[in-house]
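Listed next as structure tokens is one chain, alone, in the form predicted on its own.
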């Protein structure tokens, strides 16, 4: 689904971090170094459990920060796959989250998108995690703010998370575009009232809950093209 050209009036764009700007599976090298031939399985189960824990904690009205969630998810993945992970290896793998690789098109696309709008990150990550990963990717300067769910103590897709955007940016929700590669994140943001732009990197099937994205693209470069054409 896409809006007709010229129908947007965006003052800001907010980006999910993990899976949207940064490739969570760039931890694969660390996983493979620790567990040859098992690295991909570790990486995928680690990510799946990381998200599952965030949803479970939110539904239980409990909160543990994303670094703790990520650490517990890694521990689970190793145990589930029957892999012995010594403390030094565990620490090295965990710290790879500070150095996740940005997707190749991200720096240039963000530079284009920042010309007319404020850019921020809205992420499950802790402030320390977000500062480290943006610094490692050389992207610190492009963002006005790195907004963490720690401010409200609950994970996406809680509306309390998305409410941080109009609060911090000082503008109505309809003037804020939210960009994510995660379908559940797009659904939550759309239900809250944000303009939503789904970077569907994996050609996933859309959610059918009735909150479709305003634009669907495969990369951030394509999103920059689409918004330029829409004269936002």
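Treat the numbers as computed from the prediction; the structure is a model and nothing was measured. Positions refer to the first chain, counted from 1.
In what follows, reference is made to the form predicted together with a further copy of the same chain, a form of this protein that is not presented.
- a further copy of the same chain is not shown here, but in the predicted bound form it comes within 4.5 Å of a heavy atom of residue 155.
- For residue 182, no non-hydrogen atom is located within 4.5 Å of a further copy of the same chain in the predicted bound form, even though that partner is not displayed.
- When contacts are judged by a 4.5 Å heavy atom cut-off, residue 164 does not count as touching a further copy of the same chain in the predicted bound form.
- Proximity of residue 35 to a further copy of the same chain in the predicted bound form: non-hydrogen atoms within 4.5 Å are absent; the residue sits far from the partner.
- Candidate site formed by 19, 114 and 170: none of these residues places a non-hydrogen atom within 4.5 angstroms of a further copy of the same chain in the predicted bound form.
- In short, of 144-152, 126-134, 105-113, 78-86 it is 78-86 that has heavy atoms within 4.5 Å of a further copy of the same chain in the predicted bound form.
- Applying a 4.5 Å heavy atom cutoff to a further copy of the same chain in the predicted bound form picks out 52, 53, 55, 56, 57 from 28-57, in order along the sequence.
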